[in-house]
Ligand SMILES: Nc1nc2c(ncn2[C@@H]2O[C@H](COP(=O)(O)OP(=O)(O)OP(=O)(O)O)[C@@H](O)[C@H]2O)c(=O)[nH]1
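What follows is one chain in C-alpha cells, specifically the form predicted alone.
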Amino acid sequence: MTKCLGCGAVLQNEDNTKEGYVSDLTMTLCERCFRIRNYGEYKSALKNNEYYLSILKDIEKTNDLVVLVTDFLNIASLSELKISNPILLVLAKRDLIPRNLDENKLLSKIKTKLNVIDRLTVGSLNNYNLDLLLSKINQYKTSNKVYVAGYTNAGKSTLINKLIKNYSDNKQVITTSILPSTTLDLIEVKLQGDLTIIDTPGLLDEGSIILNVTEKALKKILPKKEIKPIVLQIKTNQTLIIGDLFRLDVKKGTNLIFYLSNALKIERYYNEITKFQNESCRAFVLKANFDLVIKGLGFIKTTNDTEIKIYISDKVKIDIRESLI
C-alpha cells in the first residue's frame, strides 16, 4: 500500500473520481495534489467527520505526544476536542496575531480540559519559535512518533513543511491549500535522528463558517497578514454588515472591537434595512469585556454591556466568552 506524499491518500489507478488516483502507480503524488500545487485546482474530497475523529481515537491508544495546532481566530474550538494524550499546545500563525498582544498572556487564557503539558506560539512564515518547538517536542515525546493534529486550516501542514525544510534532508512536501480537507490520511515524515512527525487530516470544525461559504469568500475570511483590530463606536440602534457574510443589529451603545480578517468590509447603517432578514436571527445580551465568537471567522469584543442580534446562516455556530484580550 503506497500513499500519496502530499495528502496521505492510498494511491490507486482504477477510478479517477476517487481520492488517490494516479495514471501510473510509480508516481508519488496523486492527481488531486498535483493539480492543487500546479494549477490551483481544488477537487473536494470531504469525508464524514466521524472518519477524522476515528483517527484521533486510534492516536489516543498510543499515548504518544500530540502537537495540537490552533490559531488566534479559532481558539474556542479546542473546548470540543476529546483526547487523553499529552498535549503540546501550539498557537500557530504568529505573524497574523496583532503585534501589541502579549502572547504569553494570550496562551494562558486558552481554556481547555485537555492534558496540556506546555504551550507556545510559533510562526512558520518567519521561523518564529521553531527551534523552541522542536526542543519541546524532543523533551516531551513519549516515543519516536509525534502526531500533529488540529482543525482544518489551523496551519498544521504548513508548519510541518517548515519543520521538514529546517530540520531534515527530506525533500517531501505536504500539499497545502486554503480549502478544507487537503490532507486526507496520516502522513509520516522523518526529521532529525529517529524522530517521526505524523501529520493528521484536519478535523472538520462543525459549525464553522468556512464550511458554508464559497471559495471566493473563503479567500477573504482567512487573513494573509497581521490582523489589525477595528474599533467602532456604536450608538443606539445601529446595523452593521460584515463582509457581506452576516448582519449585526446593536441595540445599546458601546465600542465594538473586531478581530477578523481585514479583507472583510464593514458597512454601517443608521436606518432599518432588509439585508439578511431571511437568515436565522439570534439575540444575545453581551456583558462588557466579553467576546461574540463567530466560529471560523473571528470574534467581536464589546467594551460595555449591550444587546445584539446577529443574522447569519443557522449552520454557523455563535459563542459567547470572557474576552481573550
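Position 1 is the first residue in the sequence shown; the rest follow in order. Bear in mind that the values here come from a model prediction, so they are computed numbers and not experimental data.
The next section is about a form of this same protein that is not shown, the form predicted together with the ligand.
- Among the residues I234, I209, L248, A154, the one placing a heavy atom within 4.5 Å of the ligand in the model of the complex is A154.
- Note on the interface: of 136-144, 213-221, 106-114, 157-165, the segment with non-hydrogen atoms within 4.5 angstroms of the ligand in the model of the complex is 157-165.
- Taking the partner from the other structure, the ligand in the model of the complex has a heavy atom within 4.5 Å of a heavy atom of T182.
- Contact between G123 and the ligand in the model of the complex is found at the 4.5 Å heavy atom cutoff.
- Under a 4.5 angstroms non-hydrogen atom cutoff, the ligand in the model of the complex has L96 among its neighbouring residues.
- Taking the partner from elsewhere, I178 is found to have a heavy atom lying within 4.5 Å of the ligand in the model of the complex.
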